[in-house]
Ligand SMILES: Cc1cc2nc3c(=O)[nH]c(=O)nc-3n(C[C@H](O)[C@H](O)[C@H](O)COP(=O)(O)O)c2cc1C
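Starting off, we have a lone chain in the form predicted alone, written out as structure tokens.
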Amino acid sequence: MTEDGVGDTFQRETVHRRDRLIGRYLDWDRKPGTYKSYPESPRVALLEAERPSTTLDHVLRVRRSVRDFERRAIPLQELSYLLWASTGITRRERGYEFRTAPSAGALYPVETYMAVNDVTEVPPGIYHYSIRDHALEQVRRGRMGEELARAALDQGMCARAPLVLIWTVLFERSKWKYDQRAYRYLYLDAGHVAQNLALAAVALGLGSCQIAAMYDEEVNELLGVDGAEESAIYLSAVGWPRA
């Protein structure tokens, strides 16, 4: 019998049992904020999301992983829809803001960044999606595709794609309520967002490829996050599929 690894131990130690529910007392005064922002950064206003006419059935049948993209810019209108569809706000009720993707406890620990290589009206660079304002906040200027490709285990599509979404998680947003079991939910939450993105891309005639293979610390350095309180966990390259 092999010795348990860290994953085996985590799975065993975060199981809910009737005699032990994993969680803790909720100190509402210490609840982490729901939104991250870069108030001093240059901003790009996004457009109101237009609804594609494609049916969900068609999108599900057509979706596939795309790794080869045309050298063609993504219009700002399409980027606006992709971001809204993946994790944008759908409604506001009783002081809460609900989004297109589900989240455990409506805590929304996932943050959306992107490496813009070729998007109309958006200078190349690293951006953060300000969900509440539906706007981009510039984190770094310049083309980062080659650096991101190296950080993504040398997957060249990250340099060739006009856009690469990068999702991070702020751990304490979920741990505040769910303690160590939060780590189960963090990855589920990111998966919900990425699936929304993949389907929205198809609806616009775009393609995407979801990527979990990365040198974590190198991606974090590109984004300027510490890897402890916030860390990158998932990527998606997006562009026009090459015929």
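Keep in mind the model is a prediction, meaning the values are calculated, not measured. The first residue of the shown sequence is 1; numbering continues from there.
Just so you know, the form predicted together with the named molecule exists too; it's not on screen, but the next bit is about it.
For Q155, a non-hydrogen atom is located within 4.5 Å of the named molecule in the predicted bound form, even though that partner is not displayed. The named molecule is not shown here, but in the predicted bound form it comes within 4.5 Å of a heavy atom of R64. For the chain shown alone, Q180 is not a contact residue for the named molecule in the predicted bound form, no non-hydrogen atom being within 4.5 angstroms. Contact annotation: A213 falls within 4.5 Å of the named molecule in the predicted bound form, judged by heavy atom distances.
A heavy atom within 4.5 Å of the named molecule in the predicted bound form is found for exactly one of L46, A190, C209, L206: C209. For the named molecule in the predicted bound form, the listed stretch (155-163, 120-128, 82-90, 134-142) containing residues with heavy atoms inside 4.5 Å is 155-163. Along 218-243, a non-hydrogen atom within 4.5 Å of the named molecule in the predicted bound form is carried only by Y234.
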